[in-house]
Structure formats: C-alpha cells, structure tokens
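Heads up, the chain below is alone and in the form predicted on its own; it's given as structure tokens.
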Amino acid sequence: MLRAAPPLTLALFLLPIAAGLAGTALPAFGYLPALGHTEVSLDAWRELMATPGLADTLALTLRAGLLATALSVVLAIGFCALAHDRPWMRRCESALAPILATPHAALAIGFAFLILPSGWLVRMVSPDLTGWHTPPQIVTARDPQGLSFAGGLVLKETPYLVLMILAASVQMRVRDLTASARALGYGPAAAWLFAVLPRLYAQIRLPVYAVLAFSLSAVDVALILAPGTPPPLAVLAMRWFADYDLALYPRAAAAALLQLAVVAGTIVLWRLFEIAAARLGRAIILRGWRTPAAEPVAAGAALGAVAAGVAAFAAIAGMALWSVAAGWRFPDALPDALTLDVWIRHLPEAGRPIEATLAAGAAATVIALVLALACLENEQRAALRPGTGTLWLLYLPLLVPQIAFLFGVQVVLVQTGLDGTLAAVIWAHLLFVLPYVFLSLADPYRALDPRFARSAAALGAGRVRIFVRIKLPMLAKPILIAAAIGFAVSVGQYLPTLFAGAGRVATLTTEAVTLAAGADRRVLGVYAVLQAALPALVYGLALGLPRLMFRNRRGLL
C-alpha cells in the first residue's frame, strides 16, 4: 500500500497542473466550446496586445517582482553573513515564527496601515516634526511605481529566505569553512560570503525561484498595495476572469499564459545572473582580493533585514491596535481609548469564514501529512535516494503562476460539478500545502537514527509497530511543526479559494482582501488579526504540545 503513495502524490501534483494549463491554453487560442468557440485562432492574443496600458502593466509586474526578490535575497544573505557566528542566530527560527505564520494579505494590510499618509509612521512624528495636522497629500501606498507593493512582499519573503538559509546551513560545516577563510585574511562577513555562500546557494536556489515566481504573480498583496491603474498582469487577468462578460475569457486566458511566460523568462534571466555572479566571485577569490567593502555592505544589508523585521512586527501590532481602537483621529499617535465593540459587532459575521478557513486548513494539512509520511516511509523501506528531479516536482506548484492554471482547474471542476464546494477548495489548497509539509518534514524524517528501528526490529516489532510506536512519537515535534506550516499556507491561499470556491466559499483571506478595498480600518483590522491569529495559534500548539506530551522525556523535545 505504501508503494502507491509516491505515484498518488505525484498525480495530485501533476494532473491538476497539467489539466489546468491545458484548460487555460485552449481558450487562449480560441477553443472554448462552452461559449461556442470551436476553431483555433489568435484573436485573444490580438485583443490582449491591443489592450491600452499593457506595456505599463508588464513594466510594473517586472519592476515590483524583481525588486522584491532582489531585496529579499540581498537582505537575507547580508543578515546571515553578519550574524552566522552569533550565539542567538539559531534562535531566530522561533523569533521569525509570528511573521512566517502571518499570511501575505494580513501582513500587507498591516503594512498599509503603517505607511499610508494617515498611517502610524506619519502619526508618530506629526505634528511635532512635520507640522502636519491633516494627512499629507502624498502617495505612499498603491504608488504608480509599485514600491509599496515590493516593500510588502519583502516583509514576508526576507524572513522566509533567512529560514531557508538556516535550514541549509545545518548540513554544512560552516564553522570550519569560515575559520579557514578567516585564517587567510578574510573578514567575518567576507569569509561567509566567499567560503559558505557558493555551496549553500545551490540548496536555496529553488526557494529563491519560488519567491521570484510569487512576487511576479501575487494577486492578494497586489490588490492591497499595488496601483489599480494599470494593475500588475496577474490582477488584470483575474479581473477579466471575474468579469460578467464571458467574451473576456479568451483574453484572460491569454493574459494568464503571458504571465507564465513572464515568470519562466525571468527565472531564466535570474539563472544567467547567478552564473555571472558565480564567475565574478570565483575571479575575486582566485585573484586573492580580500574585499574589505564586503563588511560594510553586509552590515547595511543586515540592518535592512532587521528594519524589515521591525516593520513586519509593527504592521502586525498596528492592525491589532486598529481592531480595538474606539477612535483614532489624525495626528494622534495612539487611539483615544480601547474597546472590544468592533469585535463584538463583527465576530458573528466572521463565523462562517472562520469555519471554512479551519475546515479547509485542517483537511488539507491532514491529507498532506498522511501523503508525506507515507512517501517518506516508503522511501526508507525501499532504500530510495531522491534526486534533484524530485525537488523540482515538489516545487512545481510554487513555480508555476497560480493564475496560469487555476482557471483551467476551475473549468475541470465545473465539468465535474465540484466547483463552489468545500471539497474543491480543500483539493486546491492541497496543491500548495503538500510541498511545504513534505519539505518541512523530509529532513527530520531522513535524519532519524535508523538504529532505533533496528533495535525495535531485533526485539520482534513489526514495521507498522515501529512506525507507530517508535518513529511517530520521536518525530512528533517536526510533524506538528510541518502541520503548522501547512495550515498557515492554507490560510493564506487567496486565488485557489476564489477559483475553486467560485465565490461561494468565503475564507478569512478572501474576506480580508475584499474589505481592503475600502472598509472601516477597525473592521479590516478585525479580519486581518483573525487571519493572522489562527496560524499563530496552531504554531503555538505545535511548539507547546511536545513539551506537554514529553515533559518527562527531555531528549524528545
């Protein structure tokens, strides 16, 4: 039975994406029998190319996506280069948990509360330093250049990349490599950059590509922080898909395929940049340059990473404060008084979105855990060694833009009568939950000392008993952490909920993004806090339950 787990998991990955891409590609080339289009044509592409402002849309998409990714990578690398030998570095994982648990949309809402002309940053220095008694007439959020959009993405992606670097560092002899480089005269940061990073980057390349693909095609963050006219390409395609005029579907499908081409082309360009940077670094090392400038550059990047972390925590605190503010007039730095009135009035309305969020997150996470554990157990019993191809397959749903295949998935769901159901939403969430759960669980599972299982087998225990009585208890903590990550990923899904739910399944994320268009900030704060609180609660349980379960077995904590 375990042998069926890998092909079943691959089918869950590949079939929806393949069917979704086909379901998007056919209308893009004029074939959509449901609307009477049965002949292949390029009309949709001609209409797309004739769209006013398309060049500005593409420029905004590339500018914001590349800026957010480049900044996130530089800040994360600079922070790790400067802090790799600090005793507190390993504890960063716990400190980053609140930011990692907060969905992109909730963090974007908090970031908007922070940087708006009437936001917290301006209030903290007004009117004493600015002289402003009313909000200034400047554009800080939804700016035409997409800088606030890129900034909102950096808040979330920088901690994620720091976490990926920390995880990859465990498998390397960082201390030995940096000590050797320091003995040759390199500074602390330069030693890490020239001795550790070249080997480590190969392990974080796919997470970087996933960040690049998400930054180029994010819709929920773009709806909150990106300009409305022209919008990023993914938002433009989504508007056409959501339009009542069905004649726009072929054009929307063409835009979705163009989004896929933009992401694929940008990943290729990023790879060429990696090759050029590697050659430059190798030339610097071979010439013996000690690059003293690396120290201040790394310090500046680390400072930027810390600033991004502080801004993220301030964004979370800001939306929590708005949700309990009785009144908060400009330019007051703090509310007049605190009250729970808004929570009492609007919490009953949020009941159904909370139920749908919990149900979809719990179901997708449990299914993902079962599949991941079955694949890993089968891998050990069959003595398999997964290669690079397996990693690429796992990252496939994260590298292909959601907008490029979710429309096709929706077409399949409509044909099977499953669209608009909770089951369809769970299935759509599973596509994105499963990779994160598997990647979180794979290293701890493979690192478990095989002598425990051999000792149990020598005492007569069967494979099932060893799995249930030995492996699962010993891996309880990483399993719970993987479940918490999977649940957080599910809570943050916007487009999969929108397409698979067909507008009939509302979650906290879809409600928060809808309210971001112009609702009362206090109401929006309530939904944003709820959206962030559920994953944080699950993270807390994941960290606390092992301490309770194994309070008399310190070695299992």
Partner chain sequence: MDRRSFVAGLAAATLVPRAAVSSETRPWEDILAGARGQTVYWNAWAGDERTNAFIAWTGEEMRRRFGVAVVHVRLRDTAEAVARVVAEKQAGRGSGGSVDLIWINGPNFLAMKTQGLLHGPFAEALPNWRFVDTTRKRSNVIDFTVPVEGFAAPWRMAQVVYVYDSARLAAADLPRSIPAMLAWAQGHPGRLTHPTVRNFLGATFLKQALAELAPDPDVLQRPADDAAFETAAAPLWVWYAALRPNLWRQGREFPETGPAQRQLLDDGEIDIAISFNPSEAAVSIANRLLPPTARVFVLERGTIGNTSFVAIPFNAANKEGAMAVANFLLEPATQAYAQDPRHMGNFTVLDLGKLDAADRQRFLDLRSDPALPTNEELGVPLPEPHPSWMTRLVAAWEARTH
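Positions refer to the first chain, counted from 1. Being a predicted model, the structure only gives us computed values, none of them experimental.
This protein has a second form, the form predicted together with its partner chain, left out of what is shown; the following refers to that one.
Contact here is defined as any heavy atom lying within 4.5 Å of its partner chain in the predicted bound form, and by that definition each of R251, E349 and Y494 is a contact residue.
Its partner chain in the predicted bound form comes within 4.5 Å of no heavy atom belonging to S41. Within this chain, A314 is remote from the site of its partner chain in the predicted bound form, having no heavy atom within 4.5 Å. Taking non-hydrogen atoms only, T140 approaches its partner chain to within 4.5 angstroms in the predicted bound form.
Though the partner is left out of this view, R86 does not reach within 4.5 Å of its partner chain in the predicted bound form, counting heavy atoms only. Residue in contact with its partner chain in the predicted bound form (any heavy atom within 4.5 Å), chosen from L223, I165, A101, A372: L223. For the residues G131, P450, P292, G417, the 4.5 Å heavy atom test against its partner chain in the predicted bound form is passed only by G417.
Only one segment in the set 50 to 58, 485 to 493, 63 to 71, 528 to 536 has residues whose heavy atoms sit within 4.5 Å of its partner chain in the predicted bound form; it is 50 to 58. Along 217 to 240, a non-hydrogen atom within 4.5 Å of its partner chain in the predicted bound form is carried by L223, P227, G228, T229, P230, R239, in order along the sequence.
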